[in-house]
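Okay, so here's just one chain, in structure tokens, the form predicted alone.
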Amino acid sequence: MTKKPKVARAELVGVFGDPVDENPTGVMQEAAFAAKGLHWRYITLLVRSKDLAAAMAGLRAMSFKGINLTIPHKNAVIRYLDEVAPDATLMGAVNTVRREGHRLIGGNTDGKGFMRSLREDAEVDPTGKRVVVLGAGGAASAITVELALADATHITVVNRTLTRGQTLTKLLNEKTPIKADFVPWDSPYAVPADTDLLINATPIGLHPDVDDAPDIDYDTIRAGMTVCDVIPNPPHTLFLRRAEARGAQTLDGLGMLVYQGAIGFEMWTGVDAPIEVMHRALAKVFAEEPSE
């Protein structure tokens, strides 16, 4: 019997972003590939906004199985795809692309990953909740659409760029069943007392800027709120520490990253994701980081 030759070429996926040097997604995806015995590689790639078109052409040319998109590419990538899932079209943001034959198909796993973390890790049901979201970019769009479809009662979008904030609230009001308002973020934001969920969907506090926190009046955070940060690196942001000091329940971005990554893993490979393996791989990375 002739022994089948070992295949040298690995299937390729990865992430495009700027900044991207500290993005930990590859750690958990490589651990998942190893756990499932898959000859796949996840490559972290610095791609400037001006080079996205060339990067997407290279993705096709080099037969990548897919790609993740992070800041600032989640909106701009849509023009380079052959198809976009309906929910990602509604959000106007794509964070995961998969290849089917010669076609590139975009979807969004950010909101779904956040919702699973909210329900399973924080044990919070979003139904009937009043929500404040800081930011109006790709992550905010994904999260607010998923919250609206999960029957949250009201969403307030707080953002510095007027047009982006108004665009997101218009989308929510016209395309989902929720009532949404926009508040310009031009001074420390006072969180309304009836807020149930406060979510930082901005990159403020992302490594290496770990001493930064969103410009809000932290005295307006109350003990009954659940305060969430989408940033996974570091998981325990200054924003969350200040919220904890006010007695609020907090949820870091690690669970969201794991769950959305698991969805992407399954989209690319067709194999069930080893979620515990992925979570342990990320937790180990952050545990090894020096304390502040």
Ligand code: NDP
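Bear in mind that the values here come from a model prediction, so they are computed numbers and not experimental data. Residue indices: 1-based, along the sequence shown.
One more form of this protein should be noted, the form predicted in complex with the named molecule, which is absent from this view; the next part is about it.
**Student:** Report the residue, out of Leu257, Met225, Leu251, Leu69, that has at least one non-hydrogen atom within 4.5 angstroms of the named molecule in the predicted bound form.
**Tutor:** It is Leu257.
**Student:** Only one of Met115, Ala180, Val84, Ala136 comes within 4.5 Å of the named molecule in the predicted bound form by heavy atoms, so just point that one out.
**Tutor:** By the 4.5 Å criterion, the partner-contacting residue is Ala136.
**Student:** Even though the named molecule is not shown here, does Ala201 get within 4.5 Å of it in the predicted bound form, heavy atoms only?
**Tutor:** Yes - in the predicted bound form, heavy atoms of Ala201 and the named molecule come within 4.5 Å of each other.
**Student:** Would Val47 sit within 4.5 Å of the named molecule in the predicted bound form, counting heavy atoms only?
**Tutor:** It does not: once the named molecule is placed as it appears in the predicted bound form, Val47 has no heavy atom within 4.5 Å of it.
**Student:** Would you check, heavy atoms only and a 4.5 Å threshold, whether Arg164 touches the named molecule in the predicted bound form?
**Tutor:** Within the cut-off, so yes.
**Student:** Using a 4.5 Å heavy atom cut-off, state whether Ala243 contacts the named molecule in the predicted bound form.
**Tutor:** It does not: once the named molecule is placed as it appears in the predicted bound form, Ala243 has no heavy atom within 4.5 Å of it.
**Student:** Can you tell me which of 156-164, 172-180, 186-194, 123-131 lies within 4.5 Å of the named molecule in the predicted bound form, counting heavy atoms only?
**Tutor:** Among the listed stretches, the partner-contacting one is 156-164.
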